[in-house]
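The chain below stands alone and is given in structure tokens; this is the form predicted on its own.
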Amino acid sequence: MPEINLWAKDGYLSTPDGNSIYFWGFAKSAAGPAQLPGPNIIARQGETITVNLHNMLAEPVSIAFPGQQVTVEGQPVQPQYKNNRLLSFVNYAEPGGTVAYTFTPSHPGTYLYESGTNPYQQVPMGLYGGMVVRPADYNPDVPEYKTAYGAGTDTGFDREYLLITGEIDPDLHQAVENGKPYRVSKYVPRYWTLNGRCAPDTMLMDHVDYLPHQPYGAMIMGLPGEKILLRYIGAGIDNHPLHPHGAHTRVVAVDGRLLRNGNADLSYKRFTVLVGVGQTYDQIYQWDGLGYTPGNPIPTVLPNLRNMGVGDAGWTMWSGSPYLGVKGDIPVGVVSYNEMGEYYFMLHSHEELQITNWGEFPGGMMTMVAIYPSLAPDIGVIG
């Protein structure tokens, strides 16, 4: 039976404008750094898993697993009371203590895990993460079994990415660090995150040395025609309207449930998906370009320059050429951030304030979808 250990700890996360913010998160080991979001959990449908929570914080902490039937010491988790007052929605670990949660996922899909104790405070502080449940027949080496929801469900994919939304109100974090009271009604986020990072850090690779507490990037990379599975998770307190440029997504599942009724396919295409608090969406993104083939990169529809621009006028991630994989001349005064003639399409929140860092654009909940002429097969693997 797989067993996973998570430690609830504190640390300091970084923002692109130079701020350092106290936060709480889950770590992979007692000596390892707290993470925002917590370590990805990969489970398999029908396989029992145990998650041990070790609490190194100074107050009770728990983990809720929405969509799962969880037990502790053989009994279903249940609300916990102290002096007739609700202390936690599920069984918790005291400071210095440990609690073991056991469950057997019955459905494949994408799920959130988060603190069930004082969630109005502990979740915005960073005690959340993502879980992917593979279908029982999942086999990444056999195309018909490399799916999100099982063979025959039309959810096959070539690459996959997990994007977890969140927000940061620095006043909350400072109050918790200094042991001062905080009124949740005064919650005002100044930073908005994808996988714990604000743009442009979202576009950096995973596990960069200078972001030890924010190991997961949010850059989406693929090839023309590939099926890219985007797994959205809404953590935090706010809803976020996310959409990628370049192509609509096909929503195949919501909250870990396949959009299908018998043989009837209920999946649908969307320009924007409103990622609600606690919700998850599984979507297929596919960029074809008009007539593109690897041997003939034309005719390729020239992407709208606005879709690939980032920052102030003159900043762009376009190569200057309409030919995918080829670099061309860019206008005088324009700076290009482009490696090999790939195309970039923005993926961002449609609430404009959420693509800033404390009001300064660009930032916040924004990243890019990069379409390359060639790409290593180990890119776009959730581990």
Partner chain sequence: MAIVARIFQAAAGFLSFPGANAIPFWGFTEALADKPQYPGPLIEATAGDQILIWLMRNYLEPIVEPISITFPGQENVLVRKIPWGPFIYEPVKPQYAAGKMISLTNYLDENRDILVEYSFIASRPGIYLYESGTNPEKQVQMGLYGIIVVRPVGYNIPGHPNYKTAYGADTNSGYDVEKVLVLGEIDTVMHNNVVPNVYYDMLDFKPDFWVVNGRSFPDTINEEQISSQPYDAAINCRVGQRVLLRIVNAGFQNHTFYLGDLVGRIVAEDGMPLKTQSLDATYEKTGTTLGSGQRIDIILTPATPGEYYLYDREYQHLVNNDQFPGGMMTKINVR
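All values derive from a computational prediction rather than experimental measurement. Numbering follows the first chain given and starts at 1.
The same protein also exists as the form predicted together with the partner chain; that form is not shown, yet it is the one meant from here on.
The closest non-hydrogen atom of Y187 lies within 4.5 Å of the partner chain in the model of the complex. With a 4.5 Å cutoff on heavy atoms, N178 does not count as touching the partner chain in the model of the complex; it lies far away. With a 4.5 Å cutoff on heavy atoms, R270 does not count as touching the partner chain in the model of the complex; it lies far away.
In the model of the complex, none of the heavy atoms of N83 sits within 4.5 Å of a heavy atom of the partner chain. Proximity to the partner chain in the model of the complex, taken as heavy atoms within 4.5 Å, picks out 110-118 from the listed stretches 211-219, 110-118, 131-139, 198-206. V254 is the sole member of V254, A247, A151, V72 with a non-hydrogen atom lying within 4.5 angstroms of the partner chain in the model of the complex.
Checking P143, G276, P95, G225 for any heavy atom within 4.5 Å of the partner chain in the model of the complex turns up a single hit: G276.
The three residues P66, L87 and N261 all sit with a heavy atom within 4.5 Å of the partner chain in the model of the complex. Residues are counted as partner-facing when one of their heavy atoms sits within 4.5 Å of the partner chain in the model of the complex; in 121-137 only V123 qualifies.
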